[in-house]
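Below sits a lone chain in structure tokens, taken as the form predicted on its own.
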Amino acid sequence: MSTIPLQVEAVSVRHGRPWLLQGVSFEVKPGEVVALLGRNGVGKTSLLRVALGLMPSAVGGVRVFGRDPWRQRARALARVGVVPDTPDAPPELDARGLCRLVAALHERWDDTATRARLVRFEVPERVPFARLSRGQKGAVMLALALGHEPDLLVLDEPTLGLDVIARDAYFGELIAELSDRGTAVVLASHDLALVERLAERAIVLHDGAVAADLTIDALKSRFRQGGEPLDLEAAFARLALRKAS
């Protein structure tokens, strides 16, 4: 099978009559950290749902390590870890029970590393998931996503609702993991300051299409002010306003 973690090939998605996405194509290489950017409602989450085999595309398709996630979801996602935008797990299970549940779904599972992550995040092992804080739930989802040592990690607004301390701890853990393993990452987020710390490349969606596919440095340099590159937030705002006009 292909060693390419993610290939998006002319994907088009429609909700009702209007097209949400049209002809979106890009590729994520092994070890590459790619940010998926765009304003609310542009289709980032829908694109990730197609990539994860949760919905089909009307046109085009996706390959995850060479497999079609819509037709071969279990095999396509065997090497993929996912952190959804809303933490979701059986509410009655505590962290230890969730580890056992997810471990049973994977051929490889590093229980020691997973439990260590939960300790670093200060997640109590015996408290049901429903009673954890928003930050603790997010930490559990990240620990579970990394537990089988994935080769591709998909993060959809992973720091949404986290306070500054929890957000920094979350990304510190993630950066250490990526440094150790070289995992490919697709990150959809509005937290552009943290995207700038983590990602090396940005794919910007606008009006259903790819408006830019550049390295972070190239995107910042594309819109200069006084001869100096802008920060990512300012560069993204300039691009969004230019496309809107």
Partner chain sequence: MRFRAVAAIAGREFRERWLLLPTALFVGVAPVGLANWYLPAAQVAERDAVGALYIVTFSLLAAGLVGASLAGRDLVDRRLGFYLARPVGWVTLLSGQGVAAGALLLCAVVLVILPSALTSPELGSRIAGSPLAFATGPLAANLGVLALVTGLSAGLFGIAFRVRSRWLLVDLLGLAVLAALARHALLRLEAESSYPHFTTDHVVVVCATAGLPFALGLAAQLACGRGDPIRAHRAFSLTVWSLLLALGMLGLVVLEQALAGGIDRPLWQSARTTVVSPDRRWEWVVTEKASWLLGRTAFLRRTDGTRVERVGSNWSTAPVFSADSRRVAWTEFWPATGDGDVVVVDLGDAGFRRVGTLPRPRAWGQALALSPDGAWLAVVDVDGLRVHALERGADVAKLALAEPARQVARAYFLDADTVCLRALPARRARAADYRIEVASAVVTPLVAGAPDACTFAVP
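Positions refer to the first chain, counted from 1. This structure is a prediction, so every number in the text was calculated from the model and none was measured.
Here the subject shifts to the form predicted in complex with its partner chain, a form of this protein not shown in this document.
Chemist: Spell it out for me: taking its partner chain in the predicted bound form, does every residue among 53, 82 and 107 have a heavy atom no farther than 4.5 Å from it?
Modeler: Checked in the predicted bound form: all three residues contact its partner chain.
Chemist: When its partner chain is placed as it is in the predicted bound form, which of 131-139, 111-119, 68-76, 164-172 ends up with heavy atoms within 4.5 Å of it?
Modeler: Within 4.5 Å of the partner lies stretch 68-76.
Chemist: Which residue, 190, 49, 206, 201, is the contact with its partner chain in the predicted bound form, using a 4.5 Å heavy atom cutoff?
Modeler: In short, 49.
Chemist: In the predicted bound form, does residue 153 come within 4.5 Å of its partner chain, counting heavy atoms only?
Modeler: So residue 153 does not count as contacting its partner chain.
Chemist: Would residue 95 count as touching its partner chain in the predicted bound form under a 4.5 Å heavy atom rule?
Modeler: So residue 95 does not count as contacting its partner chain.
Chemist: So in the predicted bound form, does any heavy atom of residue 123 sit within 4.5 Å of its partner chain?
Modeler: No - in the predicted bound form, heavy atoms of residue 123 and its partner chain never come within 4.5 Å of each other.
Chemist: Is there a heavy atom of residue 127 lying 4.5 Å or less from a heavy atom of its partner chain in the predicted bound form?
Modeler: No - in the predicted bound form, heavy atoms of residue 127 and its partner chain never come within 4.5 Å of each other.
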